[in-house]
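Considered here are two forms of the same protein chain, supplied as structure tokens in two stand-alone entries, structure 1 and structure 2.
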Structure 1
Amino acid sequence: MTSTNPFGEFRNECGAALRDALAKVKHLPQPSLLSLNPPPSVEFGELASSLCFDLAKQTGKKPFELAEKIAKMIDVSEYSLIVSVKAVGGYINFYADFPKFAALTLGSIKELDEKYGFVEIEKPYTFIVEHTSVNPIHPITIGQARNPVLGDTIARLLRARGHSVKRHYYIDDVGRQSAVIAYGYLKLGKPKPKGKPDHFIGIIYTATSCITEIQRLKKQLENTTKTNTPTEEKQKIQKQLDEWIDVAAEMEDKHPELFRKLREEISKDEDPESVINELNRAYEAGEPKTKTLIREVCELVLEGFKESLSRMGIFYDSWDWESSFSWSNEVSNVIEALKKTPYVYSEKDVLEFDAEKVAKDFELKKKLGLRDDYKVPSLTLVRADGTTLYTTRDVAYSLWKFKKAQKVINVVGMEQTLAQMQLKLALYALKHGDYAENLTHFAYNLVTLPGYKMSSRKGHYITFDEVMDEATKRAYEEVSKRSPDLSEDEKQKISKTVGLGAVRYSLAEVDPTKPVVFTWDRVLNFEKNSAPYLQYSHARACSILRKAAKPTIKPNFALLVDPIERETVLSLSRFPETFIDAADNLKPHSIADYANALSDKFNTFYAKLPVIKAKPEPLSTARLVLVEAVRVVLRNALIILGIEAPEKM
């Protein structure tokens, strides 16, 4: 017999046995839900129900008396996987027929192989997972890299669950930042990138920001002498100016020719800020010359992004330009539609959306997880100069996405929680509450580097490329130390697999609501909770299997009596349930947690018990089957995480 969910089979039998027993006990309330959870130790069985504690409150009887009465009503001979049921301290504990259960679990893993664990849903949906969407102004930084890793892992989870999934990248090419780059790029005569294009354009962005900010702050400081500006305000401006002057010194030291030429060209403009603002306005309006300029710069940066992300195995099905929605009138159509609702008003030539009124009128605060006394801030739709804001354009983009998918997941940082809420409220106002309810904001916390403060505008950042390169280098040193007999080609290949896997795991394994503290000691730890640890466990299983002769005797799973063997089999059987929960509730980190716990059990098993030399031979065969099952499940978990599973390390 093969099962896609062995532990689920056992759980179903326990649930059926419990319901049948409850029906036989007279004058006992019939609960709508049955709690069945793994007990703290296998000595208390594989599943336990605390139902009797709830029943005791309703009936006035003692939990242990109820548990004993219900347990006696269960005839285990009617079930395939239950060997016994015991009442312990008010709990009803279910014990699996371990030889049968091990045969079902390990046999299913062998039969299903790369499909094991990936239980397909009965009713699949079409999903768009929009992720990464880093502004095309500089290289992807390690601080931004958590987004593509989480987004890609979510897409992998949903696809393995049987859903149709499209991965979208929203190119944020509208706004002042794109205009700043275009301004600097134009001033330099549209130079051909030296080196990786996103890195080169990032230098131009920082240099242009630096030069224009220094000019702006100097003028602001001069104006303070003509007015009665408080000393405290003057000091604040001076401090900002000093910071930018320090950045200018750094830039001139690192890129003297580019920086000096750019400074010389920008100094020819009396008011660079007005030129940048005009570029921004012209681009949103679709002025042909400006369109060509900004698209050219953005394409260069995106070329670099694609190269970086492909190293991590991250790709997209669609690249969606924010500007396209402005040029196609989709944004103006949304604004006009919102103006026809009672939720839009004008204030000093600024168009505002009353998000609070929508939340009240549609009684949405509880649904959105808000307190009744929380007032949702209004959303600016259109500035006084006629340009729109990001969230306004995002409403049009969301309507477009829902024409192509039933469900949409936006992988966006926690700092965008308000904007994502306002987006949903705008959809409700447009009578698209169904879209709002099928739109998920997958929020995540920051990546921090102890002792390092990142600032993209000031060029103080560590790029994703630099981290991947450093991880590969450090992995090479570790692999060479641990396996000096490997060929150079093998060392290079394994170090790339291990290094990139280490970075990816470090960004996925932490609960998204918590920040990732990125340190090399944690990322490249071969001993616990890291990709190298999981990969090393997989490689260890492969090594055991390579060394073993082909079994000639059938396994006897009844001989797997050590607690660590039972725990490992149980862990393997629970992978499908872990996967279902991770996919249905968008919990990519739980796959990492599971793989780490399985690796812990496997390495304890390996250290404690012989495999190839185990006696009698049916025990050795059973342990080899167990090792093979660990190999398959670890590999499958790593695939979901987007990490390669090497056979040697």
Structure 2
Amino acid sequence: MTSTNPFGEFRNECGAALRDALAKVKHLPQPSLLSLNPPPSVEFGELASSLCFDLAKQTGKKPFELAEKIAKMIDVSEYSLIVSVKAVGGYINFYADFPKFAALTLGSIKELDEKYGFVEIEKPYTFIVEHTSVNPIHPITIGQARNPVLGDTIARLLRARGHSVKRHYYIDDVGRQSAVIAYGYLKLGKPKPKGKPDHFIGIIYTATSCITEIQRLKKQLENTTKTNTPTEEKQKIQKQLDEWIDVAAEMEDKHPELFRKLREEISKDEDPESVINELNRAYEAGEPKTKTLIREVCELVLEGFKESLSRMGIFYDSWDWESSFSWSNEVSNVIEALKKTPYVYSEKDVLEFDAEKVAKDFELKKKLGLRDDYKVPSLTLVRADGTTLYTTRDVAYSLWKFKKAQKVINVVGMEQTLAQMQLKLALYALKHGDYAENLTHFAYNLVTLPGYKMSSRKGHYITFDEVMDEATKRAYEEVSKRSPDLSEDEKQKISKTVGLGAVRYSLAEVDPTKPVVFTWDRVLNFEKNSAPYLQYSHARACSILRKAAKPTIKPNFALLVDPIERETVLSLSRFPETFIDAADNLKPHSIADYANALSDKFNTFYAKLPVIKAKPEPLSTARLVLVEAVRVVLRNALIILGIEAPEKM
């Protein structure tokens, strides 16, 4: 017998037993919830119900009396997986028939193998998961890296759940920053990148920002002397200027040739600012020369991104250019459509969207989790110069996404909560409330550095590449130290698996709503609660299986009497429930948590009990089956996390 969800089977039996018993006891109200939960300790069984406390309130009877009465009504012989039911202190505790339950769990894992745990949903949807979408202006920083890891893990969860999932990258090529780089790139004579292209363009971005900012601030300062500006204001400008001058010194030191050439070229322009603005305008308008230029720069950066992300096992099904929506009239169509609603008005020369009025008219405050008296800020749709803003274009993009999918998940930092809300309100205004309701803003918290603030414009950041490189290097040292007998080739391979796994795990492991402070310690953790720990557990299981002779004697699961054996089986049986919860409620970190807990059980088992040498044979075989099951489940969990499961390390 196999089950896609062994613990679920047991849970169903307990539920049925409870309902049955309740029906037999007179004068009891039918409770809406059975309150079946795993008890704090195995001594209380595998599942326990606290519903007698609720019933006690309603009937005026004592909880422990009710519990005893109900427990007595349950005839365990009617159920295959329940061996006994005990009433303790008002709780009703259910004990699993362990040999049967172990046979069901371990048998199912063996049978389902790479499918075990991935219970498919009855009604699958088509999904678009938009994630990463890092602006192509500099290398991906460690601060941004949480996004692709979370997004990719969510996509893996949903796919395994049976949904049809497309992973989209939204390329933010419209906007001032792209114009800044294009300007610098042009001034340098469209140089061929030295080194990794995203790093190279990142340098141009910082250098160009730096040079133009210094010029701008200097001019501003000159004006202040003419116009009698308060000293406070002057000091503020001076402070900004000083900061940029520091950056300039850094840049000149690190990239003297490039920086000097750029400075020289830019100084030839009377007003660099207006050239940049003109580039931005021309790009959005789709003027061919600018199109070619900016696309060329973006493509270079994306090439670098693809390389970085592929190291983490992260890939995309679609690369969506923001500019395409401007050029194809989809953005202007959205603006026209919005103009026809009562929610758009002109103020001076700009077009504003009255998000507050939509929220009120459609009675959405409660739905969006807002107070009635909260006023949603309005959103500017079009600038005075006729160019559009990010969220405006995002409305067009969202409409496009919903032509391709029933549900859309935007993996976007929580700092954009307001913008995402305004986006939804715009969809309502366009009579696409259905889209808004199928749009999930998966908001995650920031990754920060301890002590100082990352600034991508100023070039002060730790790149994702650096972190991956360092982790791989550290892993190599560890592998060499711990497994000196491995071949050089194996060492290289394992250190990559382990190092990159450690990085990915450290970003996936924490509840996404919590802020993360980046420390090397967190990422370079190769001990407990880390990818290497899970990988090591997996490798240990593989090692036993490798060394064991093929099982010939029938396993006897009744011989698995040690508490740790039972706890390991129990943990294995719960993987499907954990997976369902993680997929349906978008909780990628709970898979990491689960895999870590399972590894804990397995390592305790490993240290305590022999497998191959265990006597009698049916016990040895039973343990071998258990080890095999741990191997399978750990590997499956690691696949969801996008982490490789090595057989040796």
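The term rigid core refers to the maximal set of C-alpha atoms that superpose within 1.5 Å between the two forms. By convention here, residues take numbers in order along the sequence of structure 1, the first being 1. Keep in mind it's a predicted model, so treat the numbers as computed, not measured.
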Pair member that is the form predicted together with the RNA: 2
Large Cα shift (2 Å or above) at residue 448 between the two structures, core-fitted: yes
